[in-house]
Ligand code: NAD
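Read the single chain below, which is given as C-alpha cells and is the form predicted on its own.
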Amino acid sequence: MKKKIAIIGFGGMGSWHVNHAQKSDVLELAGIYDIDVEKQEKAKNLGIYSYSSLDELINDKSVELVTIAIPNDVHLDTVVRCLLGGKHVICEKPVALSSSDLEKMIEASKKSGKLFTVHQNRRFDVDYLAMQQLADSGEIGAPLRIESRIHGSRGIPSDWRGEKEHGGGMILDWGIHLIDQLMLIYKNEEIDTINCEVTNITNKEVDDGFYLTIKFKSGKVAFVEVGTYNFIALPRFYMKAEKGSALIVDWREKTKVAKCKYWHENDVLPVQTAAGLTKTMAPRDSVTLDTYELEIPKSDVHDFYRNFCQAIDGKATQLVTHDEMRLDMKIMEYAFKSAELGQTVKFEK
C-alpha cells in the first residue's frame, strides 16, 4: 500500500518532489503547504490539495511522512514540529545550519520514534556512481586523490540562496552534495585537516564559489571545487589511484580509465618539447598502459523514496544515516572556519 506524503514548500525543489510523488510506486500525494498564497493557488490550479496551515497538515492523520523543501534557516523548527507531530520527516539539504541544530532534530526523532533523514538526491548521479563503483572495484587500486568539480557561469540564483540570513552560498547549496559523495567513496578514511578558500565575485554576502581540500590521516586527499563564474568548465571528476587514473569530463559522458600494467619501460624515448627533451613526461604506450571507457551506470532517483518507505516498515536501513549527516555538517562547519581564518584547520569530530 502506498504511503501518503505531504510536501512543505512548493518552490523549485518542492515542485520536484511533488512531481516525483505523483509518479511514485510507493507514495500517494496528500497535498502541499506553502506560506506563499500564490504558490497555494498554483497548487490548487493543478488539482493539488493545499493545506491552510502547518497545523492542519500535522493534524491530518492520514499523512505518514512529509518532505520539507523550504529555505535553510527555517528547517529546524519545521522538522522538529513535524517529528513531534507524529510524521516521518525527509528534509532537503543542507539539513541544518549547524551541528547543534542537527542534534536537536535527531533528538526530536528519537523522542517521537519517527524516522528522520535528509534528501541527498545526488547520491543517484551517474557520474558519482561511476566513480564510486570504480573505487569499490579496485580496478585501478585505491583512490589517492579525487577531484570533484561543478562549474557554472551565472552566479548564485537571485533568491534566498544569495542571502546569509537564509543559509545561502555555494558551500551549503552545492558543496553539501559533493562533500557527501566524496565521503561515501572515502568511507573508511579519517579526516586530518581541512582547508577552504571561498570566492565572492558575484555576491559579497555569501560564497559564490569555493575550493575545499580534505586531507586524510592516510595521506589521501579529497578536493571539492564549486564555481559560478567559470565560462569554461573543468572536468567533473578526476581520480588518481594506486594503479591508474580516471576522468569524467561531463556527467553525460563515459568514464575514461587509464590502467598502468607495467611501471617501467626498458627504453623510454624522450619527447621533444618547445624548451627541450623530457623523459619524465614521455607518453606511455599500449605495452604498459590500458586505456578504456566504462559504461554509464544505471540509476533511479525514485529509489530514495522506496528505501525510506521500506525503512518506515522496518524492512531496510534508511539510506542517509544520522552519522553521515553529522559528518557532512561538521565538514562544512570546518570549511567555513578555515575560510574565515585563512588557514588550514585540524579536524575534530
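As the structure is a computational prediction, the values presented were derived from the model and not from experiment. Note that residue numbering follows the sequence shown and begins at 1.
A second form of this protein, the form predicted together with the named molecule, is not displayed here; the remarks below concern that form.
For the named molecule in the model of the complex, the listed stretch (131-139, 86-94, 148-156, 210-218) containing residues with heavy atoms inside 4.5 Å is 86-94. Listed residues Asp285, Asp303, Asp323, Asp36 were compared with the named molecule in the model of the complex; Asp36 is the one with a heavy atom within 4.5 Å. For the residues Gly162, Gly244, Pro71, Pro235, the 4.5 Å heavy atom test against the named molecule in the model of the complex is passed only by Pro71. A residue is said to contact a partner when one of its heavy atoms sits within 4.5 Å of a partner heavy atom; Asp127 fails this definition for the named molecule in the model of the complex, lying far away. The named molecule in the model of the complex comes within 4.5 Å of a heavy atom belonging to Met13.
Among residues of the shown chain, Arg123 is not one whose heavy atoms approach the named molecule to within 4.5 Å in the model of the complex. Although the partner is absent from this view, Asp180 stays clear of the named molecule in the model of the complex, with no non-hydrogen atom inside 4.5 angstroms.
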